[in-house]
Structure formats: C-alpha cells, structure tokens
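Before any questions on how it binds or moves, here is one chain, the form predicted alone, in structure tokens.
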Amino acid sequence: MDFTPTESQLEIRQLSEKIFRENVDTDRHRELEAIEGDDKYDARLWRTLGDVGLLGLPVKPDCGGMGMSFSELCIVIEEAGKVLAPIPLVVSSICTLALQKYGDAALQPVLASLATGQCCASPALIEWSPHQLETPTTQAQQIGDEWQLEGRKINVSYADNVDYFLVSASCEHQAGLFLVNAQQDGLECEPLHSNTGEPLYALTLKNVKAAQKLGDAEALRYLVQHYTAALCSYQVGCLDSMLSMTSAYVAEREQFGVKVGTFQAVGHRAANCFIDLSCLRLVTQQAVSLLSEQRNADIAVRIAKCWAADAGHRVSYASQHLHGGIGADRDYGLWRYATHSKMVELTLGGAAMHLQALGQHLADGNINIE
C-alpha cells in the first residue's frame, strides 16, 4: 500500500501541529495538573479544534464536517499524541464515527454538535477486563419502544465532561451498542485514579434510558476497532516525542568529556527505538488505511495494537534509561510520555491478549491479514 501523504493530509498535519504546539506545553500541563479534582480538560483547545474544523474531518458536510476519512482524523490524533493534548480527542472522535455510521437521521443534530466541538462523547466499554469487550455483562432490556440499561463500566474517559456515552450492553443473547445522554436519570459517575492524570470514571447505570440503540455486535466491533487504531496513532505521536527528546538529550549530555550520543551502546539503543517507532508507524498506517477503506481490518488492527504495546514499553524504558535520573524527574517532561505510553499499552488489551487472538487466527488456517 502507498502511504505517501496527499497534499490535503500534509496541510492537516501542519495545521494540527501548529495548533497543538501553540496551545499545549509543559506550563499548560502543570496548570491543568494543579487543578483540584479531576477537571483536567482543556476546553479552550477543544473549542479551537472545533472552530478550525479538525474535529469534523470524517463527518459528512451536511452535518458540519469535511467529508474526509479516518486516515485524516488519525493524523490529528497522532499530532495530539506528540504533546499529550489534555482533551477527549480519541474517545469523542471514535464515538462520532460510530454515530455517523449507525445513527439515524434523528441524531444528525448530535453529530453536527460533535463535529463542531459544541459537545463531546465517550465510549463506556470496559467492565472488568479488555478481554470481554464484545461480551458485555451490562444488560439492555427493551420496554415498549425504549431500551433500559443496567450495569457498571470502568475506565470511562472524561465522563464528567462529556455530553453522551456510547455504552455496550447485552440484549437477547447478543451484544449491542447504545447512545446514552450524560444527563439521563440513573447514571452515577465515580472518579478513579489515573497515573496519567487523565480523568477516568466508573459509570454505574441503574435502569438508564438509552436515547437510541445504534446496532448489534457489528456496531460494537466497529467502535472497538476504530478505538484501537486511534490509540495506536496516539502512541505513534507519543513515542515520536519521546525519541526526539532522547536524541536531543544524548546529543548535548557529556560524560568523560564527550557527548554520550557518540557512545556505541547509546547509539545502538537509540537506533532500536527508531526501528520500533518506524514499525509501529507502518502497521498503524496499514490498519488505519484498511478501516478508512471499510475493508476487513481485524488482523491488521491486532498487529498494530501488539506493536503499540511492545514498542511503547521498549521505547519508554530505553528513553528513561538513556536520560538517566532526569528521565524520572517530574520537573522534566519525559515522565508524562512514559505514563501515557503505558496507558495506551494496556487500554483495550495488552500485547499478550492480541497475540493470543492472532495465534488462534493462524491455528484456524487463516493466513490472509484481511
């Protein structure tokens, strides 16, 4: 596949990079981290992205979007990963995609609001482990023309800031995906601890009325695959910044009167990080491209997630090692990237989980990545 960026994609990357670099730096992170509680959401940056149209890239024009693909959206997500943008970009964007594909005409105003940044959404998928994403224990019961949900979700990002949730639940012995208004009666949000500082919550649903059922297992699988690929794109940006910081540091740091970057062991370690990042970028582009073309991407997404987990661990560890003690100093920014990289590694399943699924795929006699 040819991953040469188009002129439009280059312009999107340049615009995204400019906005993130101008709005997110170490001082801004410290400012948000100093806020009491869990309100670490940069509403100003979110409005800016909405105003310039980056939140609505894959949304059809008649709903306020630009009618582009998932590939263009992942460019913005990658740039967000480079600065660890404190906004619900990944979670809200994949909810927007699912609403556009599976929602009916009545949800077009909601889609338009998401595309312009007037509101945001978050998926509520995890109950106790990423291993059960497609077999939720949360129950959905149809009463007349309405659906009521009951259950508990964990690790719901920005739950106290979003306007809508996309909730997975089982109904009639199969999984389904439901849209829930965040102000709906019966919803309870409980703050959880997060090593990254990202606001995470446990979401309890007690006879909560769903605004609409979006679809069955196919809709849930669509959401999970796009969520996973988006996380991999975020990881590409995160590791890119870690490698850049490390390269700059070893090029300046002196030991025994010479730059440590000239040491052979240091050069080999940095080169391995570059190879890991390049491989992750390639397999992520493959997965994102297949999803953009609406082709079967299950295996490609799992391969990308394996690389996001393993490469993330290796690059993070090597970067901190090459920095020495300052790599763990909270006055230096590398620690933030290390915690976010670990978050991506474990969210929606680590490498072992996806390798097991790939192994079963091969054991069943399937050798085509599609």
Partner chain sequence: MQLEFTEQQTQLKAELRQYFEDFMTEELKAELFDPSRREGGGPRWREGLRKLGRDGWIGLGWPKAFGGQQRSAIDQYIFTEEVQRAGFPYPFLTTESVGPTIARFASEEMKVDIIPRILAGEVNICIGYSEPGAGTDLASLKTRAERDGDEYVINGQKIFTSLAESSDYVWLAARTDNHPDTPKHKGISMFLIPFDTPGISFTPIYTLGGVRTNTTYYENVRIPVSMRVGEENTGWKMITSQLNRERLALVTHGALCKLFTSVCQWCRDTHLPNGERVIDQAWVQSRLAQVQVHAEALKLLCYKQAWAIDQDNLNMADASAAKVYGSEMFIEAYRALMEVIGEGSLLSRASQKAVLDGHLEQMYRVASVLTFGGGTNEIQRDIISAAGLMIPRASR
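Positions refer to the first chain, counted from 1. Just so it is clear, the structure is predicted and the values come from calculations on it, not from any experiment.
The following text describes the form predicted together with the partner chain, which does not appear among the structures shown.
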Ok, 134, 293, 216, 150: which has a heavy atom sitting within 4.5 Å of the partner chain in the model of the complex? 293
Is residue 267 close enough to the partner chain in the model of the complex to count, meaning some heavy atom within 4.5 Å? yes
I'd like to know whether residue 261 contacts the partner chain in the model of the complex, with contact meaning heavy atoms within 4.5 angstroms. yes
Give a yes/no on whether residue 141 approaches the partner chain to within 4.5 Å in the model of the complex, heavy atoms considered. no
Since only the chain is shown here, I'm wondering whether residue 171 would be in contact with the partner chain in the model of the complex (any heavy atom pair within 4.5 Å). no
Counting only non-hydrogen atoms and a 4.5 Å threshold, tell me whether 79, 154 and 186 all contact the partner chain in the model of the complex. no
Region of this chain that lies against the partner chain in the model of the complex, out of 281-289, 155-163, 86-94, 196-204 [heavy atom, 4.5 Å]: 281-289
Those residues of 79-113 which, in the model of the complex, come within 4.5 Å of the partner chain by heavy atom: none
